[in-house]
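First, one chain by itself: the form predicted on its own, in structure tokens.
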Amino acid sequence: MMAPRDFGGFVTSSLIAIAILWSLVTTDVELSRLASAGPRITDFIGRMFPPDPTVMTEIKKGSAETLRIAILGSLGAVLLSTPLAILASETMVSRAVFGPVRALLAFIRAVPLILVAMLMVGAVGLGPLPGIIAVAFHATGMLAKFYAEAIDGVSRAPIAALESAGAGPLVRLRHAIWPQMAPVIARDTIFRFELNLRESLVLGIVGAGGIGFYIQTYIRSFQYDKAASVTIAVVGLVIVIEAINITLRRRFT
């Protein structure tokens, strides 16, 4: 007779297999079109070379704006996520509180970043501000969840000791929970900043500032050599930021 754990694994594997088969059967994908796309892709890439180096001023301006969006958006997400994480933690509050807050965070994560950016562009106009708001809003849904899980994942012994001494929630958080969760918080925040930077790169497509604005402008005006220069700069920027993030993660975790 199959053990409950083995049965659960079998059911999970079966559901995954069914989902894959369903996707393969019901998706209208013609692989023959992929072969015929080769010449068009080659032609498109050929128009991008050699890259045009005369757009260095725009690259510097767009890169700086993208960094500002990612930094300020991440800062806003951290500030918003801190109180929300406490309210979403079952260690800190009752189910009547953390249940609705977790549902709110799930809703925030479900809203696409591009949609938030478009709404903000319509509300406050073009420029970096809608990008900052969109990044902060979207990142809060993930960061607050991670922070709450970090709170709930700590050892209960120090918390129980402070509770028995009559310590309140904030005292327990400061002296029993924070020392244990700080490395996890640092790791998750650094990871989210890297993700925010990547997301900031495409916000220019909807007019929310950043270097992505120049990519879509050059593509739409068929200036593929200039778009290639900006794309190379984007790749370089991502590589540098990722290297910095790896160093920071090793430092704080």
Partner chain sequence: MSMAIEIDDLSYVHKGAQLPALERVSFRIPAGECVALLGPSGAGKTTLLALLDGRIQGWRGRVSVLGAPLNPDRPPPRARRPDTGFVFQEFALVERSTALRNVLNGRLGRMSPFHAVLGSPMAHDLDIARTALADCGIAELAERRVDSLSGGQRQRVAIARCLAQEPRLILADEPVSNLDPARAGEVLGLMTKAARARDATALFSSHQPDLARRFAGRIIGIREGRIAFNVPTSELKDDATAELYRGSGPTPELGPRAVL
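Each form is matched to the other, and the largest set of C-alpha atoms that superpose within 1.5 Å is called the rigid core. Residue numbers count along the first chain shown, from 1. Predicted model only: the values in this text are computed from it and were never measured.
Keep in mind that the form predicted together with its partner chain is not shown, yet the notes after this line are about it.
- Using a 4.5 angstroms limit between non-hydrogen atoms, residue 149 is distant from its partner chain in the predicted bound form.
- Interface membership of residue 83, defined by any non-hydrogen atom within 4.5 Å of its partner chain in the predicted bound form, is ruled out.
- Taking the partner from elsewhere, residue 184 is found to have a heavy atom lying within 4.5 Å of its partner chain in the predicted bound form.
- By the criterion of a heavy atom within 4.5 Å, residue 114 is excluded from the residues contacting its partner chain in the predicted bound form.
- Contact with its partner chain in the predicted bound form holds for all three of 161, 166 and 176, each having a heavy atom within 4.5 Å.
- Of the listed positions (126, 171, 75, 103), a single one reaches within 4.5 angstroms of its partner chain by any non-hydrogen atom in the predicted bound form, namely 171.
- Here the chain stands alone, but in the predicted bound form its contact with its partner chain, taken as any heavy atom within 4.5 Å, falls in 152 to 160 among 114 to 122, 92 to 100, 152 to 160, 134 to 142.
- For residue 170, the Cα coordinates differ by 2 angstroms or more between the shown form and the other one after the core has been superposed.
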